[in-house]
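One chain is shown next in structure tokens, namely the form predicted alone.
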């Protein structure tokens, strides 16, 4: 696989398993409206969910504009989630370098560059996503500092210690955490910051609930237990400095999405899992020691 879009990496992403190839194939062909129509609001295309209180008035008023209002509100909530992640990257200077690992269509990378003015590299194993993200950076005139690469987050090929910050936004459930955090410990400079926002299953509930298993099947992923994040961070010199339970904060997003034209049928499963305690939505920020 190669990408020819200007200012994106042309090296083939090293796919390390048949499973990863299936994930790459899925995202190469994915055109879900929930991932596209929200980004059309302002050109920031995210591949994650949202947090915060909903303005329920968007469901009121003229019926012919209800869909537009609802989509704009869902996008506002997902942008709030992206900004919260950026808040936890710490003090980032314009001369620093950040890595958006599992960048999707590039929205998070553009948010970080807008916030910090630094160089940002985004990586994905989806050729389609990399090309799309590169076009968005070019449209905004920031493609000299925000670049996208067809690379594997488990084996990025970047130089050791070259990043001030690395993050995953809802993408860790596609990889082995031991391999992932080993790579990040290599990439981060000493004192660098790692941030993830992720869904994880609650160890105190027991084994994954039926709802968690349904989510796994829907997204072709393998949701990790909460304990695995802290165990593997400790094993790879990543020390948590902030842990935020966003479960309650994300429920309104799902409630609104369930009432929107973009509902995919998985909304009630997420809501049940969050409310029965088997599934949690966490932000974890950790420093590389």
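The model shown is predicted, which means the values in this text are computed figures rather than measured ones. Numbering follows the first chain given and starts at 1.
Beyond what is shown, the protein has a form predicted in complex with a small molecule; the following relates to that form.
Stretch in contact, per heavy atom within 4.5 angstroms of the small molecule in the predicted bound form, of 158-166, 211-219, 118-126, 93-101: Selected stretch: 211-219.
One residue of 228, 58, 223, 41 in contact with the small molecule, assessed in the predicted bound form (non-hydrogen atom, 4.5 angstroms): Spelling it out, the residue with a heavy atom inside the cut-off is 223.
Contacting member of 233, 246, 54, 34, with respect to the small molecule in the predicted bound form [4.5 Å, heavy atom]: Selected option: 34.
Touches the small molecule in the predicted bound form: residue 183 (any heavy atom, 4.5 Å): So residue 183 does not count as contacting the small molecule.
Contact test in the predicted bound form: residue 170 vs the small molecule, heavy atoms, 4.5 Å: Looking in the predicted bound form, residue contacts with the small molecule include residue 170, since a heavy atom lies within 4.5 Å.
Exercise: residue 132 in contact with the small molecule in the predicted bound form, heavy atom 4.5 Å: Looking in the predicted bound form, residue contacts with the small molecule do not include residue 132, since no heavy atom lies within 4.5 Å.
is_contact(residue 192, the small molecule) in the predicted bound form, heavy atom dist at most 4.5 Å: Result no; residue 192 lies far from the small molecule in the predicted bound form.
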